[in-house]
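To begin, one chain is listed below as C-alpha cells, in the form predicted alone.
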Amino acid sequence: MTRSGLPDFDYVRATRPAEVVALLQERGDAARLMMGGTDLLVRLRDGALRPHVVVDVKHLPGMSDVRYDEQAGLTVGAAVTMNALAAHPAVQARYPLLVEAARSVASYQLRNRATLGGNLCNGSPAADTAPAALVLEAQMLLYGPEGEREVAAADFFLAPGRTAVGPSELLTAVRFPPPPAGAKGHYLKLGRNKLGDLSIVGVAVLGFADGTAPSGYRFRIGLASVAPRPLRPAAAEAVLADNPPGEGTFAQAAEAAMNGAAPIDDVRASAAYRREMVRVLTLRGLRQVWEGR
C-alpha cells in the first residue's frame, strides 16, 4: 500500500562535487542524490526508499549548462531538464535525434523537472534518452573520490536499475561528440498511449555516409525496453554496413535487430509483441533516415 506524504530526511543543497562525494562516503546507502526528483520523490512517497539524507546536486557548477563546440561537440550538464535540452538552439540544429528522444519523455509538465542525468542514472531499460546516447556514442562524466572519469554510453548501462556510477560517484555531465558529417537520425517510441507513457519499445536510428564500410554507409541502432539494459544490436548494424542500402537490406537488418532483443512479458506488453515491434520500428526508422538523407 502507498503511504501519504514523505518520510523524514535531512536535505542538503550541495555546492561542490567534493561535498557530495564526502556525504556519499559517509552515509553510503542512507544518502540519495536528487536532480529533478521526478522518480525519487515518487519512491519516497510510496515508501520504496527511506534515506536519511537527500543531497540536491542540481546547483553544482555546470550541472544546468548546455555548451557546444565545433571540435568537442555538445556537453550537457546532468541536471539539464528535458525541455531545456530540447529547446536549446545548438541541440536542435545539430542533434535532432536527441531532441526527439527528450521530447518523448513523460509529459510536458514533467519534462520541466525531469533531467537528462536522472533519466540515464536510473538505469531503466526503458529510458528514452538511452538509445540516443548509445547511437550518438555519448561519454558519461563521473566525479568521485579519485576525481573525474569518463564512461562510454555502451559501458554505462549494466542491468535493470544498475549503471557504471560507483557508490561514491555522481554523474556531472554527458558529452556528445560531433555527429558524423551528413548524419540523419530519428527516435521512434511505442507506448500504450501517444503521450506520457513509458516505452513498450524504443528505437533510435542514426545513418551516415562512410567510405570505409563496404556499403558506403553506416547505421547505428539503439534499442530500449526490450532487454535488461539499453543496447545496440551489433548483428543488425553489420548487415547495414556490409550490404547496399535499400528495402531488402533494411528488412534483413530489422529482422536481426528483433533477434538481438531479449524482452520480457509485463503489464505493458508481451515479449512476443515487443520483439515484433522492434522489427517494425527498426524498419520504419531505417526508411525514414534513408529517405531524409
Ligand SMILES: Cc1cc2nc3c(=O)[nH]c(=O)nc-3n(C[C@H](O)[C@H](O)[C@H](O)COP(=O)(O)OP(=O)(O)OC[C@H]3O[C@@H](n4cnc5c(N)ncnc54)[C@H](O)[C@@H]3O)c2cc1C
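Numbers follow the displayed sequence, beginning with 1. Here the structure is a predicted model, which means the values were calculated and not measured.
What comes next is about the form predicted together with the ligand, which does not appear here.
- Contact with the ligand in the predicted complex holds for none of A153, V280 and L283, as no heavy atom of theirs lies within 4.5 Å.
- Although the partner is absent here, A48 lies well away from the ligand in the predicted complex, with no heavy atom inside 4.5 Å.
- The ligand in the predicted complex is not approached by L74, whose heavy atoms all lie more than 4.5 angstroms from it.
- Proximity of R113 to the ligand in the predicted complex: non-hydrogen atoms within 4.5 Å are present.
- Within 4.5 Å of any heavy atom of the ligand in the predicted complex lies no heavy atom of K184.
- Only one of L240, A257, V226, M35 lies close to the ligand in the predicted complex, with a heavy atom inside 4.5 Å, and it is M35.
- Of the candidates E100, D210, E137, D197, D197 is the one whose heavy atoms come within 4.5 Å of the ligand in the predicted complex; the others do not.
- Note on the interface: of 113 to 121, 88 to 96, 200 to 208, 215 to 223, the segment with non-hydrogen atoms within 4.5 angstroms of the ligand in the predicted complex is 113 to 121.
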